[in-house]
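As structure tokens, one chain now follows by itself in the form predicted on its own.
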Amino acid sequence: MQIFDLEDRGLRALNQTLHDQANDTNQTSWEIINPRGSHAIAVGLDAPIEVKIKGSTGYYCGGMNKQADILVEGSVGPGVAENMMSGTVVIEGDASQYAGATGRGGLLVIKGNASSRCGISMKGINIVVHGNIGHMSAFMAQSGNLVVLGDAGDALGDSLYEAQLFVRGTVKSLGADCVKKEMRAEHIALLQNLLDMAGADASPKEFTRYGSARQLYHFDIDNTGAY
């Protein structure tokens, strides 16, 4: 394992070192110590490496991740795994606003709670939150899956496209064009797989599925009040 002391060597050196790892690197396991809430740790990675961060981080940790498996032993600030492409990002604590925003692939796991706007404009990412999520989560979510083992705040799925939302707890309110949907066998199978990957001990039969009513895809003068 390669150990990198962020306090001693600095953020620029850390990210450059991780960016320099090629697909055939033999330095596949990294441990980052003394993160001290720094922003933009392990962003833009594009190699099949494992990165463990020993502590909490600031903004945009793991942003634009591709291939790498990132574990944060703490909590994260806004924008964790923003625009993620593939790989995994696992947060052992809580996440601040817009976790997984615009994510296009991969798996984001938050073992604590997520704040507002979790999964906004998601475009293929899978997000599993073991706790609760805040208001306006999955706003304009286009594709992918958001799984919440706890409760969801106001305006869940506002202006939703084709992403699927699975919530085990209560939903304070649904956003415009987001409706409760039938839970069929293929959804049970999909959800079970996501729960297994995220290490979540829950039955898919305890969840409610939400999706788009598909009334806001095109502008309609009769729907002006909903826009």
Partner chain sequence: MCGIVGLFLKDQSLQPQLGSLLSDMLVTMSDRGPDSAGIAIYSGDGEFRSSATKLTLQSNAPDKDFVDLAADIKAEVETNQSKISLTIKDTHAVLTVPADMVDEVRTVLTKLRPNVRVMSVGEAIEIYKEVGLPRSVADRFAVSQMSGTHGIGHTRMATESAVTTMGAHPFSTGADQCLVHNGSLSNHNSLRRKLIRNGVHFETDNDTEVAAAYLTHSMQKGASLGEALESGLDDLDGFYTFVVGTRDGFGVVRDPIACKPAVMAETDQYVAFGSEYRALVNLPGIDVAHIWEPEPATVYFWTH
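These figures come from a predicted structure and were not determined experimentally. Residue numbers count along the first chain shown, from 1.
One more form of this protein should be noted, the form predicted in complex with the partner chain, which is absent from this view; the next part is about it.
Contact here is defined as any heavy atom lying within 4.5 Å of the partner chain in the predicted complex, and by that definition not a single one of Phe139, Gln164 and Arg209 is a contact residue. Of the listed positions (Asn83, Thr88, Ser115, Ser121), a single one reaches within 4.5 angstroms of the partner chain by any non-hydrogen atom in the predicted complex, namely Ser115. Across the options 62-70, 186-194, 34-42, 155-163, residues that bring heavy atoms within 4.5 Å of the partner chain in the predicted complex belong to 34-42. Residue contact check for His135: one or more of its heavy atoms lie within 4.5 Å of the partner chain in the predicted complex.
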